[in-house]
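Starting off, we have a lone chain in the form predicted on its own, written out as structure tokens.
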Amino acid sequence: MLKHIKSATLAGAMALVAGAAFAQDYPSKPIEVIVGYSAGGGTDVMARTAAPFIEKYLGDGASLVVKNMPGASGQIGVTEAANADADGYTLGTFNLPGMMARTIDREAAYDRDSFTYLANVVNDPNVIVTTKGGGLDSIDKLVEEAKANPGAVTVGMSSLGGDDHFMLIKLQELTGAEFTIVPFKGSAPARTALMGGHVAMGILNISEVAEFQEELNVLGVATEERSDFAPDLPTFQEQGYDLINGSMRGFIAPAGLPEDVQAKLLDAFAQLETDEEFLAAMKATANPVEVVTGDEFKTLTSDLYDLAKGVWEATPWN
């Protein structure tokens, strides 16, 4: 018996030493960051902009490699991240309320407890945009057309069950207008379809249209106050529509991440909040930064899940 106890004690001590060495050496190989949307969209831009700064704060020659896995409104990518080895070498982007909405409107192979919550980085408000020359150059005209011809106004958006979709639900409930949804595999193809005249309007995020204001009608921004990225753009509240909505974007890892590795990642992400170079890079892409890390990020996820569930279940088609 004593021999077995000594063997178990030695094995435990060796495991602790190995774990400490693992964390000390982390990262010793490239870290894959899975983005569940197409290249060029808001989530992809956030990931690629943040990556070199995370590399800097992780140190030791860290390398982050972005891998796009679009499909199923982001569900394919986040499921891949949730089910990866919990060793710190696979991270995923995480969108709210979208990723939690995927567990409400369809079968999902993950839930709120499937992740190690690293950091939310962006809080990006929704905008409604229309094609130039289409005549729908104000929110009033858009609503009037949709009410006069129910279902005739097509709406391009990055996914079903995400912030774009919730924004449309709120608009329909507020106005009684009826629209037809045309979902895409990301915001970039949705924007392309809109600019090509294949859909009449789009619901996107401010970061995704900031560079295209000469080519699109931006009818308003869904914030309480005007955005610093588009100070001349009126809010919907200013125009008589009580619409506040947006997309939060951040990073997760699989649940069960070693504590020391988690601590190293959390420290790296936390430093983004005060990195002037990073803030300038995000401002250049019109991405409003709002860093929330660790347990606070997990609580935010639970709160937005509850909100998304209430909005989704209140829609007449559910």
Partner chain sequence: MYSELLHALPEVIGFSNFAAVIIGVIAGIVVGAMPGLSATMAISVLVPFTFGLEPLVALGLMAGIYNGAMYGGAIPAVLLRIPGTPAAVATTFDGYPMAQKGEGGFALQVAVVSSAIGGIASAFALMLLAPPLSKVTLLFGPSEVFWVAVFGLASIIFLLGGNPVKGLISACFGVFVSVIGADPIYGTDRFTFGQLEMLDGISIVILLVGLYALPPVIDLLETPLKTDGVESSKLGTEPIWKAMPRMKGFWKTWLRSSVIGIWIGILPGAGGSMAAFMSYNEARRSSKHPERWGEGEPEGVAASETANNADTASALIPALTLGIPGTAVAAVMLGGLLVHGLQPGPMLFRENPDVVFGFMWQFLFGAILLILLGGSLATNSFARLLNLPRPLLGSVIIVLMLIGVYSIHGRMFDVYLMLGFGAVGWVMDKLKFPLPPVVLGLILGGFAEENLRLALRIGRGDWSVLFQNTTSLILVALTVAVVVGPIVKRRMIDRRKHAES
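None of the values given here were measured: they were computed from a predicted structure. Numbering follows the first chain given and starts at 1. Basically, rigid core = biggest C-alpha set you can superpose within 1.5 Å across the two forms.
Omitted here: the form predicted together with the partner chain. The next part is about that form.
- The closest non-hydrogen atom of F236 lies beyond 4.5 Å of the partner chain in the predicted complex.
- The closest non-hydrogen atom of P70 lies within 4.5 Å of the partner chain in the predicted complex.
- Interface membership of D137, defined by any non-hydrogen atom within 4.5 Å of the partner chain in the predicted complex, is ruled out.
- Put simply, G40 is close to the partner chain in the predicted complex: some heavy atom of it is within 4.5 Å.
- A heavy atom within 4.5 Å of the partner chain in the predicted complex is found for one listed residue only; from A84, L174, L160, I104, this is L160.
- Residue heavy atoms within 4.5 Å of the partner chain in the predicted complex occur in exactly one stretch of 127 to 135, 197 to 205, 112 to 120, 243 to 251, and that stretch is 197 to 205.
- Residues P150, G151, A152, T154, L160 are the ones in 139 to 167 with at least one heavy atom within 4.5 Å of the partner chain in the predicted complex, listed in sequence order.
- Once both forms are fitted on their core, the CA shift for M99 between this form and the one not shown remains under 2 Å.
- In a rigid-core overlay of the protein, S207 has its C-alpha displaced by at least 2 Å between this form and the one not shown.
- After superposition on the rigid core, the Cα of I76 moves by less than 2 Å between this form and the one not shown.
- Closer approach of the C-alpha atoms of Q172 and D303, by 3 angstroms or more, is seen in the predicted complex than in the present form.
- Note: the CA-CA distance for Q172 and L300 contracts in the predicted complex relative to this form, by 3 angstroms or more.
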